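Okay, so here's just one chain, in structure tokens, the form predicted on its own.
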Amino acid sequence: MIVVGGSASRKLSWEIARELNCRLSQPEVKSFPDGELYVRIPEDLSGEEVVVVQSTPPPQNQNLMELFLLLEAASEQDVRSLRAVVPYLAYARQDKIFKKGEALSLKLVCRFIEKAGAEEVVVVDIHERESLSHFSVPVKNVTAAPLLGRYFRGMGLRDPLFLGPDEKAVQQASRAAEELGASFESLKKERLTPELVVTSGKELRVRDRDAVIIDDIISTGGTIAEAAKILKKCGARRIFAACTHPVLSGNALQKMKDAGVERVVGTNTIENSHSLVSVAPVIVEGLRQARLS
């Protein structure tokens, strides 16, 4: 087996190769003067089980194009099998048509991944599980929630509460809380306009306790900030935010800090300064479970 690491997942691909005890290929990726991408995998992949690891965070379009080219470059060789690990899948939130004339963006992205040669796909904490139906090849969705929970084990939290900022995130809160034997709860989210998100809380027993708000993605930070304000009003001692995908657009960090969030913890599905947890163990487990027969 050989792991091919894309430029958006350099560290993660190295960790996956180490866990699999296999070779790592670092392809040549560069841009021509006109902006077109050039990709070359220098290793001979003939007869190999190949795993291409490339996340697709901002700049999404460039990272997606690199993913397609890496898969194409690998598929041009006589490989034994070809799998794509896409830890953060761009366009995953554009999985439905709400207004006539819209593009079903995720459906097209899934088709491109398949057409480029992927025979199986592994993703991490997809936004909506139902959106995986856009793939026609086998796809495995693994979760980082237990890994995020374990991160907080050694932080000396006082009677911690893991909180999903809406009903959809309660499963992540539950899985993370289980690692500490902690309690979990959820809030209710109402989107009054496309820009404004208001999180209305139920009665929370969080006074003098530490709270961890956990979600799959933190993009603008608005939802986390609203949840943090509610926790502050309820008397929370310390507030942390955790997520699988730390997109952190614009002033997201400042927005959460102003609302009382002490620290933001993300995983390396998106590699930045807040990628404090590696998802390599769950990806390797997913690869082993979804292995081609």
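What you see is a predicted model; the values in this text were computed from it and never measured. Numbers for residues come from their place in the sequence shown, where the first is 1.
Just so you know, the form predicted in complex with a small molecule exists too; it's not on screen, but the next bit is about it.
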Pick from 205 to 213, 143 to 151, 174 to 182, 219 to 227: which stretch has a heavy atom within 4.5 Å of the small molecule in the predicted complex? 219 to 227
The small molecule in the predicted complex has a heavy atom of only one listed residue within 4.5 Å, and of Arg80, Arg93, Arg111, Lys188 that residue is Arg93
Is His127 near the small molecule? Define near as a heavy atom within 4.5 Å, in the predicted complex. yes
Hey, in the predicted complex, does Glu120 get a heavy atom within 4.5 angstroms of the small molecule? no
Just to confirm, Lys115 within 4.5 Å of the small molecule in the predicted complex by heavy atoms? no
